[in-house]
Structure formats: C-alpha cells, structure tokens
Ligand code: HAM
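Shown here is one chain on its own, the form predicted on its own, set out as structure tokens.
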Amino acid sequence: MRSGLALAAGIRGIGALMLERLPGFRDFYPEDCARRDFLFRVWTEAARRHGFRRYDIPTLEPLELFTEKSGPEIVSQLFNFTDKGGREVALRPELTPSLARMVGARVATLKKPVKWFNIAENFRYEKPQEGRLRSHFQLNCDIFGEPGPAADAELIAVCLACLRAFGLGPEDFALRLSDRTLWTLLLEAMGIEGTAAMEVLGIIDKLERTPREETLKRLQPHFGDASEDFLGQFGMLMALHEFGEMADFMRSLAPNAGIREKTETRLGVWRELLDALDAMELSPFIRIDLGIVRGLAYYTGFVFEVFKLAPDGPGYAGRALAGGGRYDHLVSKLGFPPTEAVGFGMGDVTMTQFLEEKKKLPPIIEAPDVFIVAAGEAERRAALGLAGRLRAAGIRTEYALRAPGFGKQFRLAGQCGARLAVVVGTDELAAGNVRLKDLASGGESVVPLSGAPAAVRVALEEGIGSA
C-alpha cells in the first residue's frame, strides 16, 4: 500500500494539474462576466437599433466549410479532429462561413436585404499574444442581398454605432476605408491579375508589420527589379486621404481606355458611399486609406478596419478594433445561388482593453436591492416567504442562508452592497409589519408585511421617506 504521505502528494499533483487553465483561454469570474455582459448589451442594443436581427450557429462545423472559404492552410489554425462518426470537424474560428451556409440554404425565401447579427465565441489554435487569444467572443453584423454602396454605408454605420455607444468619439478612433476593387484595377494596370494579384494583396496587408527588406523579397517574384518602384508608388498612395487626390492618382495609373472606364465607374461608387456616410454625419470617423486591403481572398469590394488613434501622434495604435468588407462570392462558393454580402467583426479582447484605457467601462456593482434580516428562528419562516415574494416581483433579494445573530446579518447586508434592509423583527411581525432601513442614510419606515413588495419598490425608486 502507498503511504499516507505518498498518497497526499499524489492527490496534490492531480489537483495542480486540474487547476491549470489551457493557454490562450480565460476564466470569467463574476465581475468579469458582468463586464462582458455590459459589452454584449451595448453591442446588442446598437445592432437592434439599426434593424439587425440575431441568429446563432453551431460551435462545431464540418472542416470543409472553413477550408472551402480560406484554403487548406487554415487547418493549422483550427481546433480540428475526427469525431466518433468519422467526420472531419472543427470548432468554429469565425462565424462568416456558417452564416453564408445558413443564408444560402434559404436565400430564395429570405426577405432582402437580410440584416443579421450575432455575438459568439470563436476558437483559433494559434500562439496567444497581446490582444489575440485562442478563444474570444466576437460581434458580427452582416447584410445579404444588396449589391449597392447603401449596404456598405449601413454596415459601416452600425459598426461605428457599436463604438460610439460606449462614449467614444472621432478623437479616440478612426475607420480606415479602402477598396479591393480599386486595388484589383491598379494591379491589372501593372499586368498583375488572378492568383498573383491575391498574393500581392496578401503582402500589402502585412506591410505595416513586416520589415521593408522582407517585403521587397516577397514582392520580387511579381515585380522583379521594379519592387522598389512599386513600394514607392504604394507609399504615395497611402499618403492620399482626400477623395479627389486619390481619384486623380488612380486615373494617372490607368494605361488604357478599358481600365480608365472601369476606374471612373468605381470612383462613382466611392462618391455614393462617401455621400451616404456624410449624410449620416459619420465623415469625422472616416479616413480614406488604401493601405488597408484585408488579406483574405474572399473580399470583393470596399474593406475597412477600425483602429484606436495613437495618443502621441497622428497615427494608429495596437491591433484593429474591428474589420470587415464586402464578400459577394462566398455564398456561391459554398454551392448556393450568388448572393451579395457585406459584414464586419469586432472582438471582445481588444475592445475591452481599449475601453479600459479610455476609462469607458462603468463600475460593475452586482449588489442585491434588498437584504432581509430576521430577528430569530421564529421570524425566519416569514422572512423566507417574503424573499420569495420580493424575488417574484423582480426585486433582487438576499438573506443569510444560516441563522446568525441580528448584528451579523446587518454586517452581511452592508458587505454585499444592498441598498435596503428589510427587518422581520419580533414586534413588527406580531403587528403584521416589517421595517425598511436605508443602509446608506439610516432612514427607516414601518410598512405592512402584506404590502412589502410594493413598499420596497417605492423605497428603491423614490427613497425611504416615501415608503
């Protein structure tokens, strides 16, 4: 037999293993959940104000759904396995493919435009780092079935509303607006199309995070000795934040009538979008910035990312707070009828950090409205009945689960942050009453036990003197 010391050591070892949290995941204590609930509530209210309806999707999906959208290379970033039925499955890394599948399945009967939102947990098997974990919650808002820039404007409007609802303004963040269509025309003018164009856009997407020499090395297969010239032109383009300047630059690079005509058509769509955003008084938040390309190949038109503004200069700081754009081909890529789509995602990790920096998270106080104090065992039964009636009336109510002394119950009432104590005393109960005590001011009043829920409601809303 194992000795008592050896057995105890083994138990401690097992306990230590059980207590370790997996890398990249979080525990949410009650105060953390309260802050998360606040975040979700603000997001939900903003989405609903813009006419978006909530949907939900499975946590587990066929692996093929994600490889079809992002390619086989995404598998290294997934929590994937073979289930007991022999199916290749994965925990969802994002919501968009599942949403496209849902919309595609009913696209013929859904009323257009489809405006849906969701807040869900996503999972990615990648190295945890600042602002990026293996598990995070994300708000997604998407519009399906509307090809014009009015949908892009509406999508940008709800994205900005989800930030402004926290009391943030144009001095805190900016939406960097770009266009994959213009980039495709620009690269076409340089003789780069198809897969090569997608590869170049992927390089540009990582430009701000990649050393210049490494970028030039990656551009070499596409531009050869002209890689430096391309980076120079790109730098000039990134410096243009006024629509007129950007339009003139794009026209200057159009080598033939065909590309010039397509460029003019696209610039007309830009004018429609910017006019709509200006009409909604959102221009102070918008910065034209063709340095944003969103590396994923499925984007097809306008794209954007939201960044917090650097506190000590004109630039940006940290990771993107939100990002999205138009993806008109994804639904058909999954085998359904072609359906236009535009959407964005906003994660809870970077958003919570940003709100903490800006001191925009309110103090989270999860305190009961009322704490019931019972004089003794004889009064406890009445106290329990009263607790049930108060809770049924929607009043947050607590009491001591054991039966400590009168003074200790009052200390418990103060410690838990209750606003009122409802005292079920011997004399009060004999007269069919209870005593209400304001734990902040010390004010008191005696009310009938039968009418206690209504009296407590009045005391909470108007003060103890009105009870």
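Start at 1 with the first residue shown and count on from there. It should be emphasised that the depicted structure is a prediction, and the values quoted were computed from it without experimental measurement.
Absent from the display: the form predicted in complex with the ligand. The rest refers to it.
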### Message
Within 4.5 angstroms, counting heavy atoms, which one of the listed stretches 361-369, 188-196, 92-100, 274-282 is next to the ligand in the predicted bound form?
### Response
92-100
### Task
Could you confirm whether A387 comes within 4.5 Å of the ligand in the predicted bound form, counting heavy atoms only?
no
### Message
Taking the ligand as it sits in the predicted bound form, is W183 in contact with it (heavy atom to heavy atom, 4.5 Å or less)?
### Response
no
### Query
Does at least one non-hydrogen atom of L321 fall within 4.5 angstroms of the ligand in the predicted bound form?
yes
### Query
Going by a heavy atom distance of 4.5 Å, is R396 a contact of the ligand in the predicted bound form?
no
### Task
Would you mind picking the one in G145, G104, G301, G131 that has a heavy atom within 4.5 Å of the ligand in the predicted bound form?
G131
### Query
Which listed residue (T352, T215, T263, Q138) meets the criterion of a heavy atom within 4.5 Å of the ligand in the predicted bound form?
Q138
### Query
Within 4.5 Å of the ligand in the predicted bound form: all of E126, R294 and Y327, by heavy atom?
yes
